[in-house]
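A lone chain, given as structure tokens: the form predicted on its own.
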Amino acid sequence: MPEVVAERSVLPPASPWRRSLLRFRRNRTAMAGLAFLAVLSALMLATLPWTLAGYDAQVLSLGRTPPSWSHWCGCDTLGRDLLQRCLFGGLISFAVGLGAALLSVTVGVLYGAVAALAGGRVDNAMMRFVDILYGLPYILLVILMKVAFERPMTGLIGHKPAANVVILVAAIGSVSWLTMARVIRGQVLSLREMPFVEAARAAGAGPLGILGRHLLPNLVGPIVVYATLAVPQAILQESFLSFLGIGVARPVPTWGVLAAEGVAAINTVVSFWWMLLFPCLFLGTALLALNFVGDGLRDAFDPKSS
């Protein structure tokens, strides 16, 4: 009888994306940060009708009420529920952070890729412009943009707080793309000499076709990692600017605005500690979780990771 040989099924090798995802899932710190962000985001979105309706509801008789069962985080100077303001302010802070990160990633990727593909004098001139912007303080640029565009944007939108948020997103995003441009330029300079790019060029592909079909798919890893790390940086910048009084206009709360109000409520006679503790607690834990996720993605997409 002919010998029957059982065929062994051979599994296809895992793709780089699958290997990166598996490395990320093994990172317990990153997964804990992702779970915390998911719970916090779901809580802020689920309570949006409640927070939107009452974030500025003033009950002067409850002014500076300490935390209790009826007001878990206490009340501020005007009797507004601090938990409502922290949850609604978190949405504003996250919106500013995500919008500014998206803008900085888009501008940085396009600018760095165009500079690397152009090469020569164009590349040199474009990167010298980046060096000039690096030397300017970003707070000065934000103030200039706010002074120049606040009135026209308010007239266009018809709502001053919303216009202020849009200007802040544009201001932070327009000064945060410099590092991304340098990173993408270096990656494109190394990829454009690879054989698959030379083959595409020999086949008649133009610069835009090479960038869209061959280079950008190989840059997804660095882009995702930088975008994840850019969100907490943008949130921190927004909080810092709002703390200084040049960020989101009151009465719209953000974590930076609430922290500034909490600092003003701390004195040597009577300390209203909850007005500073809870906004800083929300801000600190969210930034820590975002950095954990960013570090986990960076390790996951590192080709040297085992």
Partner chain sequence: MRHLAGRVFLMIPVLWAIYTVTFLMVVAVPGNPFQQADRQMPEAVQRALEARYDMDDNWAYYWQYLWGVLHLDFGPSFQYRDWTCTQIIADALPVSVLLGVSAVALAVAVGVPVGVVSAVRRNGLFDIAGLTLALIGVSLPTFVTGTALLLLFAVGLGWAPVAGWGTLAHLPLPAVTLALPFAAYIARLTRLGMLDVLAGDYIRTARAKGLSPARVIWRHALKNAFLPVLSFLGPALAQAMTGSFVVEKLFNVPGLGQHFVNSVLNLDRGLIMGTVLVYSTLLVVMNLAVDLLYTAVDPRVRVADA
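Since we're looking at a predicted model, the values are computed, not measured. Residue numbers count along the first chain shown, from 1.
Note that the form predicted together with its partner chain isn't included here; everything after this is about it.
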Ok, 153, 178, 211, 236: which has a heavy atom sitting within 4.5 Å of its partner chain in the predicted complex? 236
Note which of 260, 249, 40, 34 lies within 4.5 Å of its partner chain in the predicted complex, where distance is taken over heavy atoms; exactly one does. 260
Can you tell me if residue 256 lies within 4.5 angstroms of its partner chain in the predicted complex, counting non-hydrogen atoms only? yes
Should residue 140 be counted as a contact of its partner chain in the predicted complex, where contact means heavy atoms within 4.5 Å? yes
Contact test in the predicted complex: residue 240 vs its partner chain, heavy atoms, 4.5 Å: yes
Heavy atoms within 4.5 Å of its partner chain in the predicted complex: does residue 22 have any? no
Out of the stretches listed (129-137, 194-202, 155-163, 105-113), which one is close to its partner chain in the predicted complex, meaning heavy atoms within 4.5 Å? 129-137
What residues, if any, in 141-168 have a non-hydrogen atom within 4.5 angstroms of its partner chain in the predicted complex? 141, 143, 144, 147, 148
